[in-house]
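Just one chain follows, in the form predicted on its own, and it is written as structure tokens.
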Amino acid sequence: MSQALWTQLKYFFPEKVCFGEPLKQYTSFGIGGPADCLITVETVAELRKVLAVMNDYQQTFFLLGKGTNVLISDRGIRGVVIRLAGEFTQAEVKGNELIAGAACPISLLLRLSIQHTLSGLEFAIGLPGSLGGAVYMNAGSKDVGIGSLVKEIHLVCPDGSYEIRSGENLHFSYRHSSLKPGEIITRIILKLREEGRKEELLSKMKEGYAHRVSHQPLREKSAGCIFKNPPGGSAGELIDLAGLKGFSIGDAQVSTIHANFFINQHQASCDQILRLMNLAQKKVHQFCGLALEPEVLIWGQSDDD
């Protein structure tokens, strides 16, 4: 980053820019070195202004949501990391539609759906993170993704232009959408169903949460599922069958509850997680010939690179 860019960001956003900010406190893994610059924006106008400055200096950026599906290098990020706050965390209900900012936590949307007796989000119980990140990667369970509920999204493109796209045009598939890197979701409209009875909806969600807690290490520091499930299979089962369930490298451990969750037991480094991922890919390939594809996003460089 140039000194001129630093000066511009400090001038336009004096209260919202941090330099050398450790990113591990912003990730569910609890892993991540310092960012050259971390800037928090609270409105679409602020976001577009940041992107205008980025474009003036031809500076790339990273968008960090709740940090639940990302592994960040211990060396940190060279450049600008943008976080959404303020209006991007808000949500409301109109009829059977949930209208929410991209930084709105999934947990808040679940509470709103219960309050307004709207069903359709039950599969998301226990999912960490924010709505924007979930939509971008079509997060969900093994059988259903949140993309099936998306009616419309609003987004800001890298050049600062504003667009509205229908859910049909996002071409959702397993852990995938047609959204391109640099396109920032700002607002989402989810279309749900009227359930009728709050008690029934709450009972379904409690049952779903109990199932997740018993099958996934939700209370541990992880990034959720570390690999995508191969077609017709389960990455967790394959890692287990390859003999790695509970295996550790330093403080990085393959969960003893679900082998597709890697745990930061204490002070695991990014490099330890990457070495464990590489080992799992190697062992599974030796076991059955399948190549596991990471689901977690990897930012920066490992210590070995």
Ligand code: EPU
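Since we're looking at a predicted model, the values are computed, not measured. So that there is no doubt, residue numbering starts at 1 and follows the sequence shown.
Another form exists, predicted together with the named molecule; not displayed. Remarks below refer to it.
A heavy atom within 4.5 Å of the named molecule in the predicted bound form is found for one listed residue only; from 26, 261, 247, 62, this is 261. Between the options 155, 225, 114, 150, the residue in contact with the named molecule in the predicted bound form by a heavy atom within 4.5 angstroms is 225.
The named molecule in the predicted bound form comes within 4.5 Å of a heavy atom belonging to residue 174. Looking at residue 101, you'd find every heavy atom of it more than 4.5 angstroms from the named molecule in the predicted bound form.
Contact check for residue 212: a non-hydrogen atom falls within 4.5 Å of the named molecule in the predicted bound form. Using a 4.5 angstroms threshold between heavy atoms, residue 141 counts as touching the named molecule in the predicted bound form. Although the named molecule is omitted here, in the predicted bound form all of 229, 257 and 295 have a heavy atom within 4.5 Å of it.
Figure note: of the listed segments 27-35, 265-273, 237-245, 44-52, the one touching the named molecule in the predicted bound form, with heavy atoms no more than 4.5 Å away, is 237-245.
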